[in-house]
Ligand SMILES: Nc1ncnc2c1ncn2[C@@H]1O[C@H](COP(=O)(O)OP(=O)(O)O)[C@@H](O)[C@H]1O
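First, one chain by itself in structure tokens, the form predicted on its own.
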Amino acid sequence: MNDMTHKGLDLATQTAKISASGVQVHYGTNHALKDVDVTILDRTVTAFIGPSGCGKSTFLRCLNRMNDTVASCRVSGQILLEGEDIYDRRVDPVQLRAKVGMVFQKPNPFPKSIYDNVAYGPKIHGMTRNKAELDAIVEASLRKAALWNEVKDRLDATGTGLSGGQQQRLCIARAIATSPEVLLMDEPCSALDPIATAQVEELIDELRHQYSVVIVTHSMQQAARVSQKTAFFHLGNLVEFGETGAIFTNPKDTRTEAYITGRIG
């Protein structure tokens, strides 16, 4: 039984969540991303790998319009979320980011209580009618982030007082509290120790049953462990995209092979 079967994934039955075509990104005169075409499936973990500065985080930030916050950045091409163009003028980036949640490299809980960290998104988006509904979302989100049992007796304590791994799971709980469809993770384990990393990886495997998860990682081992699809970026190009097992054992492009075997990095 191969690894893909073991992960219970029949890619033939998966539906497209995000479709990108001809995506180009310029920062001023720097052409950071060149003509990227990729389809990201629902209920699948897709890993973006490649050397530093290759464009993987830049592309990740296109998927929830985080690049809008950079004055010199120009994005062209088309990115569809379930068939709708996320760069259409009528799309509110704030509403988009409720649908396409993000977890950053360094855990960044708000300087508020654990409860308020998770309740923040549902409150600003008017998702609940009363305290009981908000309590239910906070509990459900903390449970999905595998943190509830550790914090349920101290929800009033500050989120910044948790350990690094707990803080990152709190940030994941905060991201999923707005019921997103897609969860973006930009090197979510790079600031964590091996035990916390293993917990977050286990959590990612759980989350894909409900969300489309996209993870940027420097660790090829991590990509191999958690993802079903892998995209390899190099010098602003999407070099190769396919099933994770095939990318790591039988890459089609010599640049992918050189990166996987450690000859380029």
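Throughout, we count residues from 1 along the sequence that is shown. Everything numeric here is computed off the predicted structure, so don't read it as measured data.
Heads up, the form predicted together with the ligand isn't pictured, but that's what we're talking about next.
Undergrad: Is A198 one of the residues lying within 4.5 Å of the ligand in the model of the complex, judged by heavy atom distances?
TA: A198: no, not in contact with the ligand in the model of the complex.
Undergrad: N108: heavy atom within 4.5 Å of the ligand in the model of the complex?
TA: Result no; N108 lies far from the ligand in the model of the complex.
Undergrad: Check whether S163 has any heavy atom within 4.5 Å of a heavy atom of the ligand in the model of the complex, and answer yes or no.
TA: It does not: once the ligand is placed as it appears in the model of the complex, S163 has no heavy atom within 4.5 Å of it.
Undergrad: Quick one: does Q221 come within 4.5 Å of the ligand in the model of the complex, counting heavy atoms only?
TA: Close contact is absent here: in the model of the complex, Q221 is far from the ligand, nothing within 4.5 Å, heavy atoms only.
Undergrad: Pick from 22-30, 224-232, 206-214, 37-45: which stretch has a heavy atom within 4.5 Å of the ligand in the model of the complex?
TA: Only one stretch qualifies here: 22-30.
Undergrad: Among the candidate residues S72, S190, Q78, N149, which is the single one with a non-hydrogen atom no more than 4.5 Å from the ligand in the model of the complex?
TA: Only one option qualifies, and that one is S72.
Undergrad: Output the sequence-ordered list of residues from 49-83 with at least one heavy atom within 4.5 Å of the ligand in the model of the complex.
TA: Contacting residues: P51, S52, G53, C54, G55, K56, S57, T58, V70, S72.
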